[in-house]
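Shown here is one chain on its own, the form predicted on its own, set out as structure tokens.
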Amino acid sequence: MADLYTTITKNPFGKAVTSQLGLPQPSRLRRGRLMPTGPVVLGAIKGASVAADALEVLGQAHEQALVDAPGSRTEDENGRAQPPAYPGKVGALIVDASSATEIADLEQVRALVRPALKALEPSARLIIVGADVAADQGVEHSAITQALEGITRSLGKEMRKGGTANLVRIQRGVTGAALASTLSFLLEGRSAYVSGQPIVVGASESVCEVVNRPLEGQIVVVTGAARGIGAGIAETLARDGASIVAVDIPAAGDALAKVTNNLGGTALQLDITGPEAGQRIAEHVASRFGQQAKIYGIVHNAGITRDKLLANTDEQRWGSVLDVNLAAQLRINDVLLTPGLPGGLTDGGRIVGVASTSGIAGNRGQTNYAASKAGVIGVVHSLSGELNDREITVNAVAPGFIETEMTGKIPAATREFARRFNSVQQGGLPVDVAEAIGYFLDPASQAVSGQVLRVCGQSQIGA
């Protein structure tokens, strides 16, 4: 659905009027596998080096960040101290604070970030790397970790012209190779609608190289793939090399066939709430790709809404949403995780759920939907630990307001509010959700599991 307001602000007259009125000025977001135009600059605290190592793994050149220190300041015409200035526009600033352990170290974060803020180009990236502190590492160290999140979330709301700010927490033993896929995702346009979010990266020895088509030759199942976000997911994963098995209900058969024909994938018309759904998916994969074939990744995207205030919600309206959005995933996972099952999920594979910001913050009239999406988050937290031994990662995305046919039917005033009530002042696109899922599916993201990533432009709801 076209965003009329954004179209108006792109017109010189419309931009002048809305700017004069103090109204939001949405910027065109950098999307896709595009790095920043300007230089990537890196600042490190107390000799931290993991971010530099990750950039070396990516083959990404970087410059040294400027520091706002008393000896480096100039004065403006009013005699006020000014931080050092970059000679041109900065594409991204990475602050490696993974060695920060004391409150005094937070001053170094300020000193590194301040000079860059006014120099950042449109759709710039600000990334802070901090430690994910264990319980035995002390109260002050733990406080620093949480303080970095507060800094990041606040900076996300200060970024201008489509820029984003995110935090990466690294566990003990994380190498540059383990961090590389996350840094690549956050630097590129793939993270256009992700801001103010923390991501935890764990230590892993089985990390692959970061490449442009990471899913080449891999079989990925996408449920709810006939339209909207599901179709966008299938398209993006096919771009990344995946062989797509697109699943949707028989009533969506024509739309599903169109998606798979465009992508060269295979279609499976299936009601995922049926008790045989998992077995039918496995049989379809085995019959189309061979008895030795295995699913590399499954994306549980299928979902429905049956919105009503709880006072008006009957048993059927309640149960149908929980069955489609949550219970069906559990049943399908149970089958596909069966060891040795032809067409089942391979060890080292990926499970990605689609939650929602409603599952984090709740939403009036969506008690059933919020319950189901919060349940998806619970699945991620529990199942990720259970599958560590099989090196299967389990993650979820939590979309905010995404421009689809469904959201186009929301009343105009409500829709406009949802579009603007986030740090980038616009709705997201299906591709934004798809790119985050692609990041989780990437073999190079083996060190990322148990994460729920909000794709919401840093929505103020639940922030």
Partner chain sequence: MTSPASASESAPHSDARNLPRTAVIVGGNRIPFGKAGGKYASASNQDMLTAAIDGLVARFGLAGRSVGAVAAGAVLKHSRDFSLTRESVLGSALSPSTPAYDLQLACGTGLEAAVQIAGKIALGQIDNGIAGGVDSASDAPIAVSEGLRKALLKANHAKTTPAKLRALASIRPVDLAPQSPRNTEPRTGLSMGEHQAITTKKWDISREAQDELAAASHHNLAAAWDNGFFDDLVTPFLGLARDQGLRPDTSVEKLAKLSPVFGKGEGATMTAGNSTPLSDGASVVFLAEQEWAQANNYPALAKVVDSEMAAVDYVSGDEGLLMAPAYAVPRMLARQGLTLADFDYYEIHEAFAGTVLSTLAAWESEDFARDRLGLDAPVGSIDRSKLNVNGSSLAVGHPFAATGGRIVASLAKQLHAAGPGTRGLISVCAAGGQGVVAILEAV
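Positions refer to the first chain, counted from 1. If you're wondering where the values come from, they're calculated on a predicted model, not measured in any experiment.
Absent from the display: the form predicted in complex with its partner chain. The rest refers to it.
Student: Which listed residue (Ser287, Asn388, Ser142, Gln171) meets the criterion of a heavy atom within 4.5 Å of its partner chain in the model of the complex?
Tutor: Of the candidates Ser287, Asn388, Ser142, Gln171, Ser287 is the one lying within 4.5 Å of its partner chain in the model of the complex.
Student: Could you tell me which one of Gly217, Pro250, Pro339, Pro87 places a heavy atom within 4.5 Å of its partner chain in the model of the complex?
Tutor: Spelling it out, the residue with a heavy atom inside the cut-off is Pro250.
Student: Please identify, from 106-114, 186-194, 313-321, 266-274, the stretch that has a heavy atom within 4.5 Å of its partner chain in the model of the complex.
Tutor: Careful reading of the contacts points to 266-274.
Student: Flag Gln366 as yes or no: does it have a non-hydrogen atom within 4.5 angstroms of any non-hydrogen atom of its partner chain in the model of the complex?
Tutor: The answer is no: Gln366 has no heavy atom within 4.5 Å of its partner chain.
Student: Although its partner chain is absent from this view, report whether Asn261 comes within 4.5 Å of it in the model of the complex, heavy atoms only.
Tutor: The answer is yes: Asn261 has a heavy atom within 4.5 Å of its partner chain.
Student: Taking any heavy atom pair closer than or equal to 4.5 Å as contact, tell me whether Ala257 reaches its partner chain in the model of the complex.
Tutor: Because a heavy atom of Ala257 falls inside 4.5 Å of its partner chain in the model of the complex, the answer is yes.
Student: Is Arg280 a contact residue for its partner chain in the model of the complex, using a 4.5 Å heavy atom cut-off?
Tutor: Because a heavy atom of Arg280 falls inside 4.5 Å of its partner chain in the model of the complex, the answer is yes.
Student: Going by its partner chain in the model of the complex, which residues of 96-120 come within 4.5 Å of it through any heavy atom?
Tutor: Result: empty, none.
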